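The chain that follows stands alone, in the form predicted alone, written as structure tokens.
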Amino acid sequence: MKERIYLDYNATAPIRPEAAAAVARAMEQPHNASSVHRFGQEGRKLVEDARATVAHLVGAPPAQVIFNSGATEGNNTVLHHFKGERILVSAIEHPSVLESVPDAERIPVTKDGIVDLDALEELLKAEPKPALVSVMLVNNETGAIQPIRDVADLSKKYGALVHCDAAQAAGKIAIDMSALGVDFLTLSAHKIGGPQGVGALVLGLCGITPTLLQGGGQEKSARAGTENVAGIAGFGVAAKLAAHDLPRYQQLEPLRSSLELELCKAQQDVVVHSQNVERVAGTSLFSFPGAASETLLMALDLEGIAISNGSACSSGTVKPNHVLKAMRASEDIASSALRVSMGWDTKERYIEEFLKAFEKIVKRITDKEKKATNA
């Protein structure tokens, strides 16, 4: 059977074996971390050990980590807390931000996909003063690293708090929450090789604890509901490995550079996005004008290669890329975008196989177009 190749880590990373083992072990016992008996105490230890590890990953005190179901819940928790007040969000945010506060004002980005700081300051100056600014640390589609420290400095200058979706940054770049100057930071375990359905909201020192779910004293009454002990245990293991493997992740950069170089050699009209700004090592978003991304994705899937055209949070649909639209790309460019994203288990031969398959598919499409033109 032909090997299936997975290059869609930004959608979800394959679970690390160590994290899967931690989940399985925790599930063998009836761990309710709120119970006072021995089983509950064991569950509580698993949760608190994971809390310390996740806190270390982002440079925060463990007491500031609130476990939840993932970054989508964390984003909604923070943004809903400020509903009714003026909120600014970058135009390239994940749908869990954009759709949570559809009336929020959008911060423009440059053609390279970086938040426009001058435009942000003009928005911050306007009355009424915004209560919250939400800008992701790393864009999930282009991999572009956003200037969060500058965003935070500007926002604090005008009295606004800062929320940062760091789901795509964890395990890819070093994170120090206090150095970034953000007040709320959100994470998802499955982006770093942990289990799906678990994440965290990390609080800064602003003294505000946004709460979405009521009805229990779990997580210091900040997030009601019985803790997902097994998932949290797996999250902790994945966080420890992600922190340890940061140098290893950086080694993906030459592989990404080689991918983009070969793409441009093979097809001169390929457009690589955000290549002029700092990006995380394992993400490449590019467009092949004239070919719909849906067609390319389906053809690659038939070749056993899994990539995407961007965010995987639209019920499996393939839509024109909203990030590229915000970057002022043409409709043709935006609708032909493909994303290759790599991670902890990516091998060099996977990129080689992708390039072979892509060139074969593009040749087939080109030949078909030529025949149609000459007919």
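Just count from 1 along the sequence shown to find any residue number. Quick caveat: nothing in here was measured; it's all calculated off a predicted structure.
What follows is about the form predicted together with a small molecule, which we do not show.
Not one of Ser134, Asp183 and Leu203 places a heavy atom within 4.5 Å of the small molecule in the predicted bound form. With the small molecule omitted here, the record of contacts in the predicted bound form names 91-99 of 174-182, 235-243, 91-99, 207-215, defined by a heavy atom within 4.5 Å. Of the heavy atoms in Arg223, none are within 4.5 Å of the small molecule in the predicted bound form. The small molecule is not shown here, but in the predicted bound form it comes within 4.5 Å of a heavy atom of Ala71. In the predicted bound form, none of the heavy atoms of Thr142 sits within 4.5 Å of a heavy atom of the small molecule. In the predicted bound form, the small molecule stays beyond 4.5 Å of every heavy atom belonging to Arg256.
With the partner removed from view, the residue among Thr77, Ser284, Ser188, Ser293 that has a non-hydrogen atom within 4.5 Å of the small molecule in the predicted bound form turns out to be Ser188.
With the partner omitted from this view, the residue of Ala167, Leu263, Ala160, Ile305 that lies near the small molecule in the predicted bound form is Ala167 [heavy atom within 4.5 Å].
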